[in-house]
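Shown below, as structure tokens, is a lone chain in the form predicted on its own; questions about how it binds or moves come after it.
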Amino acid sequence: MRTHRVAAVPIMTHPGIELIGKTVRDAVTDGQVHFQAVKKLSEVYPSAACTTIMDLTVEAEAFGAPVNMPENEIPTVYGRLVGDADGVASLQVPDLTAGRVPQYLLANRLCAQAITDRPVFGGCIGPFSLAGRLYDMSEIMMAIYIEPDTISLLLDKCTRFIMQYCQAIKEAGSAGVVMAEPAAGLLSDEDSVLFSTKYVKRVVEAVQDDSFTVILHNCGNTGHCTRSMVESGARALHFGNRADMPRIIAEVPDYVVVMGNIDPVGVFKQADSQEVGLRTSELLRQMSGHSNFVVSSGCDLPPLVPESNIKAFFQAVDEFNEQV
């Protein structure tokens, strides 16, 4: 007989946006709408924690990168903001009034004030993923070998801004932050330590304490750079749907929370509710021997996930926990 219940924390805000009848553009530009979506989800679903929108364009936009913002799709960065050593050297680290940052901080503050029955986690991008959006992802993968000093300077500037942003999220009352660093999954474990973990660790050491947790998300890690994620010092690690969770958790110390990894598109969005329940139950069985496991989606749920599928996920968790 198992002696512990499994907490369920899917990373989701888009279902809340739809529940309140707003568009994605509304939510990513207006902190009040953003808050209302998260609050609605807290009323409808029994998630063990709430998360704000996983938007990997906010920080890049603050630096000056152009962002495409469709009405009902996730925003994307386009173009290239910096492309050489001179551009990186002249790049200014923005303050927290730039772009949509104030709206996201407003959403964090309103959520923390209004949702008091469970933790609220803010969101931010990781240093290497931000640098890739500013420098161009394909270009930075070559530049880390050809111009490592230039990329190190860019990463330093990205880290300084993320550190300020996370501190502000903490001061807004959030219990932690989900740091999305998917681009680190493109690197080997050794390179991930050098160009991601080294900088993520600076943020962790600056903001993580007994009242504030960093959850490091890397949906690009298929198992090849787990060590680098552990070395970040983040109290929780979040994995994408391509990760082999039993193998992953065997490589993680038991004092670190491991989260994942139901496929947000292939299962949550495209499967039927029966399949969602079966996949969730299967993962829970595979991970049943680990008290540091939290079941989650592999990434942020996309727009238009059927409500019946989200309910099936939570029902499978409830049925599994009834066996405790």
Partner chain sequence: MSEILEKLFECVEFGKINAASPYPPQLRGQDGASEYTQKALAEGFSPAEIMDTALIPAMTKVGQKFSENKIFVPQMLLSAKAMNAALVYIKPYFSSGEIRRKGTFIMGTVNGDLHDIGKNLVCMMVEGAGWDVIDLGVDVGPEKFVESVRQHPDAYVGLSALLTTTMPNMKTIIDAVRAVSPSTRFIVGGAPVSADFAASIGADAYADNPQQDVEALDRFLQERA
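From a predicted model like this one, the values you see are computed outputs, not experimental measurements. Numbering follows the first chain given and starts at 1.
From this point on, the text means the form predicted together with the partner chain, which you will not see here.
J.: May I ask you to check whether Asn68 falls inside a 4.5 Å heavy atom distance of the partner chain in the predicted bound form?
T.: Judged by the heavy-atom cut-off of 4.5 Å, Asn68 is in contact with the partner chain in the predicted bound form.
J.: Can you check whether Ala114 is within 4.5 Å of the partner chain in the predicted bound form, heavy atom basis?
T.: No - in the predicted bound form, heavy atoms of Ala114 and the partner chain never come within 4.5 Å of each other.
J.: Test of understanding: in the predicted bound form, would Gln270 fall inside 4.5 Å of the partner chain by heavy atoms?
T.: Gln270: contacts the partner chain in the predicted bound form.
J.: State yes or no: in the predicted bound form, is some non-hydrogen atom of Ser138 no more than 4.5 angstroms from a non-hydrogen atom of the partner chain?
T.: Contact check for Ser138: yes, within 4.5 Å of the partner chain in the predicted bound form.
J.: Only one of 143-151, 208-216, 164-172, 117-125 gets a heavy atom within 4.5 Å of the partner chain in the predicted bound form; which is it?
T.: Of the options given, it is 143-151.
J.: Using heavy atoms and a 4.5 Å cut-off, decide whether Val204, Pro246 and His290 all contact the partner chain in the predicted bound form.
T.: The answer is no; none of Val204, Pro246 and His290 reaches the partner chain.
J.: By the heavy atom within 4.5 Å rule, which residue out of His224, Arg235, Arg160, Lys198 makes contact with the partner chain in the predicted bound form?
T.: The option sitting close enough to the partner is His224.
J.: Just give me the single entry in Val252, Leu187, Val88, Val101 that has a non-hydrogen atom within 4.5 angstroms of the partner chain in the predicted bound form.
T.: Looking at the other structure, the residue within range turns out to be Leu187.
J.: Going by heavy atoms, what in 38-75 lies within 4.5 angstroms of the partner chain in the predicted bound form?
T.: Heavy-atom contacts within 4.5 Å come from Asn68, Asn72, Glu73.
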